[in-house]
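The data below hold one chain only, encoded as structure tokens and taken in the form predicted on its own.
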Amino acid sequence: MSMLAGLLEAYVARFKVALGVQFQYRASLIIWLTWTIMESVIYLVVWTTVARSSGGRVGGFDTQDFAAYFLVTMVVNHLTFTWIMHEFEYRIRQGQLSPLLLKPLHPIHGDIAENVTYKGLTAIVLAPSLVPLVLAFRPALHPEPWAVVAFLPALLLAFLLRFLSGWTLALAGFWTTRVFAINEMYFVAMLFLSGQMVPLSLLPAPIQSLAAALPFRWMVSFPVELLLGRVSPEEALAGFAAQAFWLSVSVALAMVIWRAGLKRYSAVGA
């Protein structure tokens, strides 16, 4: 219990520090939040236009269904995304990781606190910005009560899975300073296979199978599909099992690669 209390106290302190840092970059917060909103609105406009030109429906989605899908996706994507893979290589190259290793708390806890703090701040602005979008596009959202309840743990697991996957990918910085290409490959796969750009049910069957076999669908599309009522209870249980499996894989990989990376880091005189 004392260990848990100490960890909670450390998180509270990290939240305060992260909050102060975020307030120093208010312009960046606005820019990133604006892009978050505009990205989903662009996809929404494109697909509603396609639906109207195709007689009102595309693959089981009408214009209101597309509105619901992309507005919920915008929220889920915002609450689950991470940017640590962009920063970790710089942290290693500039030696900023060294003082973090001297602290009793693993560096990942600081990264989680920073991520959650950013989302807490921007959610204050994101929530009211949804109101005009809902009024303009009139999304059709009628989930079953069980799906609403299941959505919250699915969202939490999606965040943990996406964060740990990104954090593990960031550890490539221990071996190379050319992480840009690796990051771009990851983000392209994420864009296509997580359902951010298009509902996965509209993609060809082989790509749907690939998305289901890889972790990307379970990071974004699965909680979205839950809240939209597009999965059965049996499919929801299978989705939770897939999230748990990939989360376990991510934890194991993160631990193994972190230990191997630290050996390499110390070996070059850091």
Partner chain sequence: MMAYARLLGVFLRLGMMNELEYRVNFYVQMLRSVIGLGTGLAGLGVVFSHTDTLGGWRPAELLALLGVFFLVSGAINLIIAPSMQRFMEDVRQGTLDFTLTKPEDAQVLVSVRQVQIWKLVDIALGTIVLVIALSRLETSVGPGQALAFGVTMLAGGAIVYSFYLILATTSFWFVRVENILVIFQSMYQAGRWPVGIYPWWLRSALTFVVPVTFATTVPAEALAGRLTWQSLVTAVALAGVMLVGSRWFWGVGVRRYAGASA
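Residue numbers count along the first chain shown, from 1. Since the model is a prediction, treat every value here as computed from it, not as a measurement.
Absent from the display: the form predicted together with the partner chain. The rest refers to it.
**Q** In the model of the complex, does every one of Leu210, Leu214 and Met219 come within 4.5 Å of the partner chain, counting any heavy atom?
**A** Answer is no for this spot.
**Q** Within 4.5 Å of the partner chain in the model of the complex, heavy atoms considered, which of Ala181, Ile124, Val131, Leu102?
**A** The residue from Ala181, Ile124, Val131, Leu102 that makes the contact is Ala181.
**Q** Identify, from the list Ala242, Val231, Ala67, Val58, the residue with a heavy atom within 4.5 Å of the partner chain in the model of the complex.
**A** Selected residue: Val58.
**Q** Quick one: find which of 193 to 201, 67 to 75, 107 to 115, 150 to 158 has residues within 4.5 Å of the partner chain in the model of the complex by heavy atom distance.
**A** Comparing against the partner chain in the model of the complex, the contact stretch is 193 to 201.
**Q** Indicate whether Phe137 is a 4.5 Å heavy atom neighbour of the partner chain in the model of the complex.
**A** Close contact exists here: in the model of the complex, Phe137 approaches the partner chain to within 4.5 Å, heavy atoms only.
**Q** Residue-level contact is defined here as any heavy atom of the residue lying within 4.5 Å of the partner chain in the model of the complex; does Leu237 satisfy this criterion?
**A** Looking in the model of the complex, residue contacts with the partner chain do not include Leu237, since no heavy atom lies within 4.5 Å.
**Q** If we define contact as a non-hydrogen atom of the residue within 4.5 angstroms of the partner, is Ile31 a contact of the partner chain in the model of the complex?
**A** Yes - in the model of the complex, heavy atoms of Ile31 and the partner chain come within 4.5 Å of each other.
**Q** Although the partner isn't part of this model, could you tell me whether Met38 comes within 4.5 Å of the partner chain in the model of the complex, counting any heavy atom of the residue?
**A** Judged by the heavy-atom cut-off of 4.5 Å, Met38 is in contact with the partner chain in the model of the complex.
**Q** Who in 40 to 54 is close to the partner chain in the model of the complex, meaning a heavy atom within 4.5 Å?
**A** Heavy-atom contacts to the partner chain in the model of the complex: Val41, Ile42, Val45, Val46, Trp47, Thr49, Val50, Ser53, Ser54.
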